[in-house]
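Okay, so here's just one chain, in structure tokens, the form predicted alone.
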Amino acid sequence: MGSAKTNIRNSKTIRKTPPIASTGSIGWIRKNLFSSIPNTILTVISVYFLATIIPVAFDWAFISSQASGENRFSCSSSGACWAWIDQRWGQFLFGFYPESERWRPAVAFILLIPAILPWLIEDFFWQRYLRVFSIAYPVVATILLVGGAGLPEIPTDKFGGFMLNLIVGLSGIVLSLPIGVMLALGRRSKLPLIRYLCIGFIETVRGLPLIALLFVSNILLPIFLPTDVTLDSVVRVIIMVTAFAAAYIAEVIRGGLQAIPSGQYEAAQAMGLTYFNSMRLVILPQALRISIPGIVNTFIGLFKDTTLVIVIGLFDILGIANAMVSNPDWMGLSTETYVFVALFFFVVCFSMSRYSLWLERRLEKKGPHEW
């Protein structure tokens, strides 16, 4: 009798392994590509389309392409002409920055990596010391790029190419997030003056296109400044881009704040936390976690909008591309040029989207007190 009960107990603990076709890569394919007749039809059409396009594009971009030559007339192949990359590579990266001083933006970019990674990756080595360095990084980067402390001064009208996109985009991202948080909290404030000021700023900025704000920064803003005060054109662009992004981020974060249950606010009050501590320890961590997709989406849009600086006479990587395809030596290579520019933006924007997904998955595994 005892052995029979033991066998019954053992039989209950035996678990059958799931079918191979429902797990792993095969299971993923069945679930996502062939889960229904419409999905199967779309999958077959997509595979046919990719099988038709990819070989042709690969042959044009690599196999039949040419990567050397002094001008477009040197390209005799039927594929892409990448000869201009060797001739204009430095200009695409650094704009009109003096060639002898291009090591300075290169060093600034290298130093950006240890300055930003400690804030993006948890338990990064030497995290405490590198975060101190990241606070000093803006001063170090400014000295490297503009000059001073023994380095020759470089006017910012020489800035251009991908370097300009990175400076404007990164500055806007770093500055707009804390300003957006303060605007979101100010819009929900119980003090009428603060609330109406934040509402007025957010609605005004959101009601204007970025290109209009850039024109304001370049034409109208200097009129209202004292005669002895001047703002650099790149600084004016950073201010307007930051204000534009902060208004949108404020609305994204406000949506996250509204999604927090009222019980969280009441629990923070019951614990005797001040308004500052309740926001810092309880409310904002949860609101920011909810708002991650919207925040990253705003950052991606902000980085792509840096190409609008061309309307006020600054030549970012897209402006350099437009100028190059107008050159008789390289005229007719617009496809290769814009594919090259698109690849730059894709790498940066795709990296931001992948990081946001990784951050969401990491936060899902932790409790609110560990964020």
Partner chain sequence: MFGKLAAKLKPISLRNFWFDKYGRGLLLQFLVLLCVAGFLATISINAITNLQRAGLSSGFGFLADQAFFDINQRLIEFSSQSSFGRALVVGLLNTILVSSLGIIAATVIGFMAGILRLSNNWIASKIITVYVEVTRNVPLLLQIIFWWATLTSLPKVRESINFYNLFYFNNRGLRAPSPIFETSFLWLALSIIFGISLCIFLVVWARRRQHRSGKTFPSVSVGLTLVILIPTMVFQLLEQPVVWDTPQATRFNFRGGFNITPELLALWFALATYTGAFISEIVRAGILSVSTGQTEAAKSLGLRSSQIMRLIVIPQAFRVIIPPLTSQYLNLTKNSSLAIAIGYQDLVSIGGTILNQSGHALEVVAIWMVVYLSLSLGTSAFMNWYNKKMALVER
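It should be emphasised that the depicted structure is a prediction, and the values quoted were computed from it without experimental measurement. Positions refer to the first chain, counted from 1. Definition used throughout: the rigid core is the maximal C-alpha set that superposes within 1.5 Å between two forms.
Beyond what is shown, the protein has a form predicted together with its partner chain; the following relates to that form.
Check: Heavy atoms within 4.5 Å of its partner chain in the model of the complex: does residue 299 have any?
Finding: Taking the distances in the model of the complex, the answer for residue 299 is no, it never comes within 4.5 Å of its partner chain.
Notebook entry, point to check: in the model of the complex, does residue 46 have a heavy atom within 4.5 Å of its partner chain?
Noted result: So residue 46 counts as contacting its partner chain.
Check: Taking 4.5 angstroms as the cut-off for heavy atoms, does residue 82 touch its partner chain in the model of the complex?
Finding: No - in the model of the complex, heavy atoms of residue 82 and its partner chain never come within 4.5 Å of each other.
Next item on the list: Classify residue 222 as contacting or not contacting its partner chain in the model of the complex by the rule of any non-hydrogen atom within 4.5 angstroms, answering yes or no.
Entry: Output for residue 222 is yes: heavy atoms within 4.5 Å of its partner chain.
Next item on the list: May I ask whether 129, 157 and 233 each come within 4.5 Å of its partner chain in the model of the complex, counting any non-hydrogen atom?
Entry: Zero of three within 4.5 Å in the model of the complex.
Check: 279-287, 186-194, 141-149, 170-178: which one contacts its partner chain in the model of the complex at 4.5 Å, heavy atom to heavy atom?
Finding: Single hit among the candidates: 186-194.
Next item on the list: Scan 68, 327, 322, 64 and let me know which has any heavy atom within 4.5 Å of its partner chain in the model of the complex.
Entry: Result of the distance check: 322.
Next item on the list: Taking only heavy atoms into account, state which residues of 179-212 are within 4.5 Å of its partner chain in the model of the complex, ordered by sequence.
Entry: Contacts from 179-212: 191, 192, 193, 194, 197, 203, 204, 206, 207, 208, 209, 211, 212.
Next item on the list: Verify the C-alpha shift of residue 326 between the shown form and the other one: is it 2 Å or more after superposing the core?
Entry: No; that C-alpha moves by less than 2 Å between the shown form and the other one.
Notebook entry, point to check: Has the Cα of residue 229 moved 2 Å or more between the shown form and the other one, judged after a core fit?
Noted result: Yes: residue 229 shifts by at least 2 Å between the shown form and the other one.
Check: Taking the rigid core as reference, does the Cα of residue 335 move 2 Å or more between the shown form and the other one?
Finding: No, residue 335 moves less than 2 Å.
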